[in-house]
Every structure is written in C-alpha cells, then in structure tokens.
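Before any questions on how it binds or moves, here is one chain, the form predicted alone, in structure tokens.
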C-alpha cells in the first residue's frame, strides 16, 4: 500500500482496499485496485476530489464492458459511480437527462415508456452512460456524438461545469478530453416516437445481437476498431487469427472480432493474443488494427 492510503479524505461513500477488479469487468480478469471508492453522491465525490492526496492517480471505472485491467492492477484510487444517486434521470421537453451511472440496458424500459426515440441503439451497448463517452460508443449506424447535446463534468480539482458535445472532439470510437474529467450527467436529444415504434426497434437490435454476436460469455465486445472501408473480423479471419489461442484466451467462434476468456485466461493472455493478431493481420494485409478495448493498469512486473 502506498502512503496515499493514510491521507484519504473522510467521505460519506465507501472505500474498498485491495479490491479485485476482475469482479467489475466483463472479461473477468485483472489485478486489484489499490483503493476502490464508491461516492455517496455528487457532493461526496466533489469533496473527495478537492481533498484527495496531491498527485494521487485516479481512474474512473464505468460498466467495465470494454475494459481490460492488467494483472498488476491499478495504483491509486479507482472511482466507480455505483450509488443510485448517479443513475437518476428526467425528461425536459424533448431532452433526456441522466446520470453517468445509469446502466444502458435500463433504457429498454425508460425509452418506450416516455416515447423517447433516437436513443434505441444505446440500449444494446454494454456498460454505463458515462463509460460510453471515452470511446464514443455506437452501433447500428449511430454513435453517442450524434445524440449528445451537452454534459455536466467534474475536473480533477472538483470543479463542476457544463460542456457541449464539440468539447469532447468525438471521432470514430474515439474522443479527446482531459483525463481528469469525470462525466456526471448527460443531456441527449431525442425524437418523438410511439412506444410501439421504440420497442420494436429495440427488439430488432436485440435480435441482431443474438444472431450475429456471442452471448453469455466473458468478452469485452468488439476487440478492434474497423479500419476505414474494412471489417476487422474479415481481416482477422483472413490472417488466421480466428484460430489463435493464448492460454485461456481465444477469439469467439461466432464472431472473430470478439476476444473471449474461456474462464482460465489472465489479462496477459488476452493482451498477448490481441497483439499477436495485430501482427498477423499487418503481415497478411498491411493493415494495422487498433485496439477498441481500453487497456489499463500494470503488468505483474509493474511495466505499463
């Protein structure tokens, strides 16, 4: 334990020490968080950010769906907005405003009941609303940047302010905003549709997922970004990556851009397999795949 622990501010939320992060990620691998902090509410989080030890590393953990935590874990404090206070939502005219901790799947009930169209694609993206910002999450021809109006954020000093969608500099599966920004709340633009229309679209999206993508396994969704005018899975298959195995890690037989943990994989297995596939694809096609999964933390030997 570092000396940060002795100087943590007295908060109303929950501190967990040496907390295994594999419990919080869809891949089910990874080391420990030196400290996991679950703030009680926005004021509690703000107090923490204003009084935390100087230079203490802080990492924000969303739903853990598109994340690989390395086996050496994460130093400093990992913040998870788990409390229900961060998942509140409201409708103001044609705007849907919700907390960053709202789980995307919960939108399946909220959207139809309130005739909020245009956000159906978000229902099928694993994770939380706040977690979707960093990667500009999207599917079915839509992405977060297209429906976001503005957001409330908190910086590393605890200052809260509003920002517009342009301030995130969104691109395909990418955004650029300060690492210390914590998404508190998002305001989405919606389209008026009937409950029946919205429910039908959500069901159609769900059916596509069930038919074309693996379900009920330890995976983090799409492993690599699609290169321009290319499909990552086709490049992987052409390079033989669909048959590669490292320890307990392999690519899904149903969709070979979904890297899978068979239950025994380590984070090192998963990252090593991913890097081997990148090399194989580049050798076969000349195209270098880029990770879509965010990789964080330290390896066992403490190298990042």
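Because the structure is a prediction, the values reported are computed rather than measured. Positions refer to the first chain, counted from 1.
The same protein also has a form predicted in complex with a small molecule, omitted here; what follows describes it.
**Q** Of 111-119, 230-238, 194-202, 212-220, which is the one stretch near the small molecule in the predicted complex, taking non-hydrogen atoms within 4.5 angstroms as near?
**A** So the stretch in question is 212-220.
**Q** Quick check on residue 181: any heavy atom within 4.5 Å of the small molecule in the predicted complex?
**A** Yes, contact at 4.5 Å.
**Q** Taking 4.5 angstroms as the cut-off for heavy atoms, does residue 294 touch the small molecule in the predicted complex?
**A** Residue 294: yes, in contact with the small molecule in the predicted complex.
**Q** Is residue 59 near the small molecule? Define near as a heavy atom within 4.5 Å, in the predicted complex.
**A** Judged by the heavy-atom cut-off of 4.5 Å, residue 59 is in contact with the small molecule in the predicted complex.
**Q** Check whether residue 107 has any heavy atom within 4.5 Å of a heavy atom of the small molecule in the predicted complex, and answer yes or no.
**A** No - in the predicted complex, heavy atoms of residue 107 and the small molecule never come within 4.5 Å of each other.
**Q** Using a 4.5 Å cut on heavy atoms, which of 123, 186, 77, 132 is close to the small molecule in the predicted complex?
**A** By the 4.5 Å heavy-atom cutoff, the listed residue in contact is 132.
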